[in-house]
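Only one chain is shown below, in structure tokens, and it's the form predicted on its own.
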Amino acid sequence: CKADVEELLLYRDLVPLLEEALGKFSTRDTEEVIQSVRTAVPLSKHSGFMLLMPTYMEKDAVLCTKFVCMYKREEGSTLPAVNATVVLLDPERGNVKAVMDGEVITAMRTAAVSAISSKLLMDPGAEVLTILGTGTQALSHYNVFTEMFSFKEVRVWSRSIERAESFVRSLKGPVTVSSSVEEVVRGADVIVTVTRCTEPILMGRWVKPGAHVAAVGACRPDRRELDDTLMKEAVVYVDSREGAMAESGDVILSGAEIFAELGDVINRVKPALRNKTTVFKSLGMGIEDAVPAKLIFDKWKAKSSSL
């Protein structure tokens, strides 16, 4: 259940394992990772779609898939915008080993990968963090970024100033709120975009040269958060080339060139160009769910055997 996942999944354990997994993925060694671009099933009647994200890690004996349904809800709707379930299976027998609440896994692994991108690509002297958005992903990103890095200032934006102020009240540290994207972005060293926007809200002319952008929202080919100027002038990194070329509107619609996967940087195949303005376009991958699922299951087994 969700409470068990929250208890067992910690960033200090998850981040190094995800970094190792991203490196394995980028080798394209089928004994390490077999993973296709996720399957999307439209749920047109309900203004949503279902994603299926299977992964097999042969050497690690991990077989996993995530089912996630995403919806465009009306303002004020009490229905969830995202509902996810992660299933861990035995690769030899094919039976289900565990079924886990996917909300916490998705939020934490996505934020952890964004933090890995920042660890690799941001200016080591970064002082100002800006988060665009105030949903579940905004909270997970705030938590891991403030745990891993020592920013002197954190800024938050939301279309609703009331939502932004409510979000900030739930946080532990001091945060500046603004109703202007330009205002919170100007001078920021790291910018995280975790919105439901379908058209660009972050303009390249506002972004400080040498800043790092972790772009998480707009995970469909017809949706965007970043404008052409930013996408074309920045050095673009992704989690998966295939995923970005099939699913990222920011990449597809801008015609931006992908420089490298994060795994290429981890494997030292491509450089981390910290002195340039960089964009990490995050789509999410099955391996990013498989790693925390195995971690949670192994911890749960160890905990149960000690009782």
Ligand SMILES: NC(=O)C1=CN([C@@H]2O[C@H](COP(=O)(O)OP(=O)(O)OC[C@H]3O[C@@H](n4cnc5c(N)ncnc54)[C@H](O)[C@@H]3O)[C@@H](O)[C@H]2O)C=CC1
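Values in this document were obtained by computation on a predicted structure and should not be read as measured data. Each residue number is its position in the shown sequence, starting from 1.
Omitted here: the form predicted together with this ligand. The next part is about that form.
- Not displayed here, this ligand is approached by V82 to within 4.5 Å at the level of heavy atoms in the model of the complex.
- The closest non-hydrogen atom of A126 lies beyond 4.5 Å of this ligand in the model of the complex.
- At the 4.5 Å threshold, heavy atoms of C219 reach this ligand in the model of the complex.
- At the 4.5 Å threshold, heavy atoms of I296 stay clear of this ligand in the model of the complex, well away from it.
- Think of it this way: in the model of the complex, this ligand has a heavy atom of just one of M70, L253, I258, L273 within 4.5 Å, and the residue is M70.
- Interface residue among R196, K97, K208, K119, judged by heavy atoms within 4.5 Å of this ligand in the model of the complex: R196.
- Heavy atoms within 4.5 Å of this ligand in the model of the complex map, among the stretches 88-96, 135-143, 228-236, 183-191, onto 135-143 alone.
- In the model of the complex, the residues of 101-120 lying within 4.5 Å of this ligand by at least one heavy atom are, in order, T106, R109, T110.
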